[in-house]
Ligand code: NAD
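Form predicted on its own, single chain, as structure tokens, below.
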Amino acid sequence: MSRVHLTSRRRFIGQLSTAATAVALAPALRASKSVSRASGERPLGVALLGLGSYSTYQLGPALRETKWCRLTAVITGTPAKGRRWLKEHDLPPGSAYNYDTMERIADNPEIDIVYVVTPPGTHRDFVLRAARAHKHVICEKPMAPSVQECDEMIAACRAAGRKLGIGYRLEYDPFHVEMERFVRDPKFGRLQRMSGAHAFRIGGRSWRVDKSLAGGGPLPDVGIYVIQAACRAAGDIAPIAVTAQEGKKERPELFSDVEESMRWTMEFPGGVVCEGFTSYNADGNRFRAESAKEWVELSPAFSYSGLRGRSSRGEIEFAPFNQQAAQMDDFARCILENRETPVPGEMGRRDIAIMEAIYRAAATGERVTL
């Protein structure tokens, strides 16, 4: 696989200028929806597809803070959830759809964007159906269990003339914007090493340990954040090779279908390397980038809030920031301004290709080139 350059996000960072500018956006994100845009058009309507914990505790509340989009519908496999959401979010009757009949959203002009928030194994089908309904799509990460499915999703949205974005909230977080700025600063010197870990202890059985639904274990669920951060720090490019080793299963009865933990190394052009770790039976939430003379670190690095940073030059501090509101607002603006999203389907595909290589390296014990 050739090196992937994602220049659209570079333009986005150029618009932000610095992470301080990103934080300055926070008041606007929290502004009332009554604030009209210069065009006088309505905010774009979002239908959340899948009403699990992420929609309930993150996306739903964030949509109360967005300026450029608003919640106008829900799509669920549980009618009771749909009725509850209509009441709690003051949505009109008829704006709760079910999975079997979601094609009816094509007739609702109040829905501009469908946000797919179901387990990864279902992403492809829902994205294709949303595209056929002529809606723009945000697909939660990881994009899909395979590169082939990613290609189908990208092709379907392109054929429909609709945008496809991936739910990479940390692309907008000021701490991550600042980390990238820090590494790009000529004073930092040449990037040499990176390391990161994202892991947590899973309690019991859920869709996360069902490979058909999850696509894998902790690697696609939370290890993907380490992959994302490393590619970003390296210059928005994919690694050229990977090696990996699956950890010994301490709870084989629970992790019979997926890995319990994984360690891997990504090699980037110029001799830059990143050591990654993920697990469903350990703790970890950090990312670090180093040159010969400087370093920058985030810990915690991948949470919804409460990120902290420090560097060889001192502490890194920012005001509270709603990652999900920023992410959804920017996607809406991309539609309104007819520009590329900084988190396109191609970025999601890149990360799935990297993970496929990591799994292959772990299975064979060999270095796998991309």
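All values derive from a computational prediction rather than experimental measurement. Heads up: residue numbers just count along the shown sequence, starting at 1.
The form predicted in complex with this ligand is left out here; the points below concern that form.
For the options Pro239, Pro120, Gly196, Pro218, the residue carrying a heavy atom within 4.5 angstroms of this ligand in the predicted complex is Pro120. Among Arg162, Arg288, Lys141, Arg129, the residue placing a heavy atom within 4.5 Å of this ligand in the predicted complex is Lys141. The candidate spot formed by Leu51, Trp207 and Tyr225 lies fully in contact with this ligand in the predicted complex, as each residue has a heavy atom within 4.5 Å of it. This ligand in the predicted complex comes within 4.5 Å of a heavy atom belonging to Tyr99. Using a 4.5 angstroms threshold between heavy atoms, Arg232 stays clear of this ligand in the predicted complex. In the predicted complex, this ligand sits within 4.5 Å of a heavy atom of Gly167. Although the partner is absent here, Lys81 lies within 4.5 Å of this ligand in the predicted complex, judged by heavy atoms. Of the stretches 288-296, 271-279, 255-263, 207-215, only 207-215 has residues with a heavy atom within 4.5 Å of this ligand in the predicted complex. Residues of 260-282 are not found to place any heavy atom within 4.5 Å of this ligand in the predicted complex.
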